[in-house]
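Consider the single chain below, provided in structure tokens and representing the form predicted alone.
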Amino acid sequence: MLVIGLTGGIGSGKTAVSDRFARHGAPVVDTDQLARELVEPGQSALAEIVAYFGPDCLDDAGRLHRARLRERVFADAEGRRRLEAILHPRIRNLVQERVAALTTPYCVVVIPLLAETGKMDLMDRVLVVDAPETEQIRRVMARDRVSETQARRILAAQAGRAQRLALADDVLENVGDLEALDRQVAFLHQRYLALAAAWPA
């Protein structure tokens, strides 16, 4: 099966794109969703996070307080590396399991930090969703209700546009309206079906 790695900076529109691939019948494996599964109460990853960051990273119900932890790791490079060391190997294993269970011509694996982690071996092609930085900041501020300073700090912690684009086999420019996005995804869906038909078994 052809595995498409979908990546892009925060606020670029990865979810809007992956939702449209799903409507075309392509299975979507979202690493952010896998990360949420891994930090549910009772999971070993959550226990490791609490052991390292302390119990104040939990809310009153004993669940991970994502906003509080995000603030901590964006201000602490070592903490961010530790969090990645806890989660990334587990996410990788889950991606492999989920992809191996699929029987469709192709699937989409949403992996926001593909450029940062360099985990290219799971992907056959890379699709980068691209948007201008000003648009990314506007979307992040609206979606996450954070200040412009916080949004810029999040962007600064990620790979730059040039670094992501250097990995791309395909680029989807998410700067127009939703109809333009629909057309681009429909075009890529047909391209990936054609590529999958010729893909080695």
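All residue numbers are counted from 1 along the displayed sequence. As the structure is a prediction and not an experimental result, all values here were calculated from the model. If you superpose the two forms and keep the largest set of C-alpha atoms that fall within 1.5 Å, you have the rigid core.
What comes next is about the form predicted in complex with ligand ATP, which does not appear here.
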| item | value |
| --- | --- |
| Stretch from 50-58, 138-146, 159-167, 35-43 whose residues place a heavy atom within 4.5 Å of ligand ATP in the predicted complex | 138-146 |
| Contact test in the predicted complex: N174 vs ligand ATP, heavy atoms, 4.5 Å | yes |
| Contact label in the predicted complex: T15 to ligand ATP, heavy atom within 4.5 Å | yes |
| is_contact(V185, ligand ATP) in the predicted complex, heavy atom dist at most 4.5 Å | no |
| Interface membership of L193, ligand ATP in the predicted complex, 4.5 Å heavy atom rule | no |
| Rigid-core frame, C-alpha of L58, shift of 2 angstroms or more between the shown form and the other one | no |
| Core-aligned CA displacement of I49 at least 2 Å between the shown form and the other one | no |
